[in-house]
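The chain that follows stands alone, in the form predicted alone, written as structure tokens.
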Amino acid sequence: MLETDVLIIGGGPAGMCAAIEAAKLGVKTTVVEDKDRLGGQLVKQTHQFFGSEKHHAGVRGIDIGVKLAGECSDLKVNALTNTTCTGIFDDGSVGCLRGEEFFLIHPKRIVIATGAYENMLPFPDCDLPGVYGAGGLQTLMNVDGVLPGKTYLMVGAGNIGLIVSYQLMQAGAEVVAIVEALDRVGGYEVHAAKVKRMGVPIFLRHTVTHVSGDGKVERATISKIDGSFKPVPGSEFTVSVDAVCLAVGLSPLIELIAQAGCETRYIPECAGHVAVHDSNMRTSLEHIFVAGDASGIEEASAAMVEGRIAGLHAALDVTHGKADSNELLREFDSQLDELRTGPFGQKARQGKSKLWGLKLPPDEEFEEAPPIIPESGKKPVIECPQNIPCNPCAVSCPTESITIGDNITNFPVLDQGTCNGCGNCVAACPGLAVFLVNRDYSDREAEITIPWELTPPPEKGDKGYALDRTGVAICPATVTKIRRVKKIDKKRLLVAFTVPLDKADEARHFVIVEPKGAEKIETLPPADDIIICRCEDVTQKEILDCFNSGYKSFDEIKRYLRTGMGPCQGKTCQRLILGILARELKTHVSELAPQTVRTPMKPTELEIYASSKEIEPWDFENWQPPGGGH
């Protein structure tokens, strides 16, 4: 049995920050993490973060993870890796499984920072090898060093889909296209711009209707969809790919929260069922706090601040408020407010206001900003069209020629008179949205300097083509210079190439070989049915037959078809089945009960519990059921 003051369940960005703040107050702090190291999603995030310096802006996720894990170690946080929390019991103890050892932890306060899980998209043959979730693919690629395919279709143009598409190209893969069901890109436009200028088309109001192949994905069929998200007949076309990546959102991982007895509520703006919690991150149970994606899906920067708030309040409970942390808490609250301003913070503001019973003023209307394009000299061109919380371009400028102001969602402003054209901002921008344009390079040519993170990089003197913002080759180009600004980012190169002067405002990428668009191939008919529960091989037809036989809830269908009883415990199928039930019952998912969650949280051999020293032997001979009887 292990005793601790504060137990953090989940060692991702929110969990690590919670542990850091709790440990700073001197309380005994323990983190339980089911992976082999702390870091959570950060261990596979090779891109730079947005925000400000206090949010690790301009630092890559993998480096943030190492930094936070190092802080935990320095503060003597007890990190139990390769350990799964299997349940929270009525006496406040927490069951944990490490290998084949079951043990109990007795904490005074608990912070649940279990993160989120990926949403899946059902379509014929979606269970073929070669269909991946974006997070799983990111792990294979960035953690395990495995690229499971050469040509990809990305489904979803949110930040995750756009970022993983770019990382696939960094790894040497080809992204044939990105399809998005909405009529707009859901992620940051700067993320979309960097893949578009590399020749990747984004098809809005399109989706994948089915895949096919001989035992694995070999082709994917795409179709336009109408206002009801139904495929438009005759609009489908098929492309040759060997992998399809699904980036269709995340859902809060609340199974442990629900099992512990915390009140939960369906909040669409938080992306699903979440724990009801206050602004201190305390749930309906006084001793349990929540932080990060388990409290509602947001960017990792917000998750880290929520973790700090939760960890600090948990530690203050243990110390009975002896430490004066009011100023620090106000600072954390201010940081959250800052991150939630602008168009990309609207959902979070709306979701939290619903939880806290607040009435928000109408959302602001945000206009996209035109690019900052100097007319002469060697100056940066800033193509940052949205109010994203971000300021590395201003922080990196040695002459303070770029300013953002107090609100980091403001558009950057360039003072051309004081700018010296150093290119620091090109190296610093997390969105790769700043370019250096030298219109004075020669009488006939301009020199364009772009951020470069692909392998292999070009070499000085290489001749190729300049691509415009849509990835179309517009003119010949020659590489003139390659350099690195190590004090800002050791990994990113700055590549300069020349183009005709009249192409200076169009050229935004360089390639050796002119890109070719994906060829359309023969469309094969889809399979007759769709797998919904992959763990138990349950199809959509079986679920509908079950529904028509009178089974109207997830738990009823689970008992009959075993959906949600496999290795993933319903993480893949629950959302899909609730969607089917909502459609058939002509109601909203918020009106339906999710599955009843019981310990253990993962399938476990009973022998492990039977052999545990933490569990007293059961007196079978003298046992009586509750209330007596036989």
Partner chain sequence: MRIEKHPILDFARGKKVKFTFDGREITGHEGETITAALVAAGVLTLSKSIKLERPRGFFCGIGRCSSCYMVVNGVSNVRACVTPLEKGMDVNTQVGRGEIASC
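Between two forms, the rigid core is the largest collection of C-alphas that superpose within 1.5 Å. Residue numbers count along the first chain shown, from 1. Note that this is a predicted model, so its numbers are computed, not measured.
Below, we turn to the form predicted in complex with its partner chain, even though it does not appear here.
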Of these, Asp317, Glu506, Asp125, Glu447, which has a heavy atom no more than 4.5 Å from its partner chain in the model of the complex?
-> Asp125
Using heavy atoms only and a 4.5 Å cut-off, determine which of Ile160, Leu339, Val131, Val241 is in contact with its partner chain in the model of the complex.
-> Val131
Is there a non-hydrogen atom of Lys491 within 4.5 angstroms of a non-hydrogen atom of its partner chain in the model of the complex?
-> yes
Taking the shortest heavy atom distance, is Leu137 within 4.5 Å of its partner chain in the model of the complex?
-> yes
Proximity of Leu501 to its partner chain in the model of the complex, heavy atoms at 4.5 Å | no
Could you tell me if Ser52 has a non-hydrogen atom within 4.5 Å of its partner chain in the model of the complex?
-> no
Spot the stretch among 534 to 542, 175 to 183, 389 to 397, 271 to 279 with residues whose non-hydrogen atoms come within 4.5 Å of its partner chain in the model of the complex.
-> 534 to 542
Joint contact, Ala193, Glu383 and Thr409 to its partner chain in the model of the complex, by non-hydrogen atom at 4.5 Å | no
Its partner chain in the model of the complex - contacting residues of 134 to 152, heavy atom within 4.5 Å | Gly136, Leu137, Leu140, Met141, Asn142, Val143, Asp144, Gly145, Val146, Leu147, Pro148, Gly149, Lys150
Asp36: with the rigid core matched between this form and the one not shown, does its Cα shift 2 Å or more?
-> no
